[in-house]
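This document opens with one chain alone, in structure tokens, the form predicted on its own.
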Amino acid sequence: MLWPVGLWRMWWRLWAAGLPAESLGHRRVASGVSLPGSTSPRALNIFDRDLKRKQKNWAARQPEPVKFDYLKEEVGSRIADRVCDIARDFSLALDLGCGRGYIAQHLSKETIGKLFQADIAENALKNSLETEIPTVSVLADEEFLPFRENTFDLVVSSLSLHWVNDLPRALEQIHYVLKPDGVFIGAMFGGDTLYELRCSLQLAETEREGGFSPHISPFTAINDLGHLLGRAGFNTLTVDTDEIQVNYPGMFELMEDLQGMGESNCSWNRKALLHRDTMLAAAAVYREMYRNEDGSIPATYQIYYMIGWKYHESQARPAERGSATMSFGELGKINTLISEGKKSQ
């Protein structure tokens, strides 16, 4: 069914902003949350953090937020699996950018003694999912953590750091609040996320309007992530990537779910209005280029997983240079050496 032009444009203005017009005056409760527009002097100001806060608050206030939680719950469970793979207990942990608590619900009190859940959206904290772990909710910005040095044994973060303007600073602060031998386990969207949607919008907008503007926010490249973690002070790094593909009836259903997740674009250079003809053309391009055999369309979410440890003298270290007793050249003869050893016995 085609919508009237006026209603269509109004809906897309709201989608571009990610929230209804009445929430523009929503009161902000500050507790370790940065002021609108405040960033580190060295940071590029790419994202409107105040708008992102409103988007997440709006999404958390919806009657059925669980309808849009499927992706964040899946990634949260995978983060929890990585926590459980570490053979130790964590008396004090921090979930940074927790949302509605997508990681906490998959953890147990046998592993985590107490969990601080921090997010910029107060409504997400108020509507958090149930967990058996004792929790404390903290309204805080990922770039301005209100915690002392050497506080936490574990810091986790799932699908939140890709909206941070100053990622190096955020990683440095995570390292700062970790205790020595503490571990950070995180996940964030990668550069190939929603490439189908990006390509469809660019092709349609170029054909209909003679050029295109960014509608998908920029993401960090995986080859930069290890460098940023190392520069923040982490060691014994692990960085890997995975893809999750979700099928949707059409492009507009995908966009509705992104809004319900609180993942609408909040870049300062976003285009506030997309014309009706351009959107219909983009939906047609999407279906023509990427549709599945059953008529649905796929959306790819690339996820970067990262693990980094804060230095402690008890951690394993590489051997000193020159201390090896066998060269790499001799490894090719290892089968012969083993056979000779057996014969001598």
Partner chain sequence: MSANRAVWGRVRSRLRAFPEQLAACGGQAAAYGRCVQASTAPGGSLSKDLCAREFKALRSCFVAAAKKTLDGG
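Keep in mind the model is a prediction, meaning the values are calculated, not measured. Positions refer to the first chain, counted from 1.
Just so it is clear, the following notes concern the form predicted together with the partner chain, a form of the same protein that is not shown.
Handout entry: Site check Q259, A281 and E288: each within 4.5 Å of the partner chain in the predicted bound form by heavy atom
Key = The answer is yes: all three residues contact the partner (heavy atom, 4.5 Å cut-off).
Problem - Partner proximity in the predicted bound form: D50 to the partner chain, non-hydrogen atom cutoff 4.5 Å - result: Contact check for D50: no, nothing within 4.5 Å of the partner chain in the predicted bound form.
Handout entry: Close approach of W58 to the partner chain in the predicted bound form, 4.5 Å, heavy atom
Key = Output for W58 is yes: heavy atoms within 4.5 Å of the partner chain.
Problem - L203 within 4.5 Å of the partner chain in the predicted bound form, heavy atoms - result: Contact with the partner chain, yes.
Exercise for the section: Answer for E207 alone: is it within 4.5 Å of the partner chain in the predicted bound form, judged on heavy atom distances? Expected result: Yes, E207 lies within 4.5 Å of the partner chain in the predicted bound form.
Handout entry: in the predicted bound form, the one of F219, Y195, F252, Y176 near the partner chain [non-hydrogen atom within 4.5 angstroms]
Key = The residue in contact is F252.
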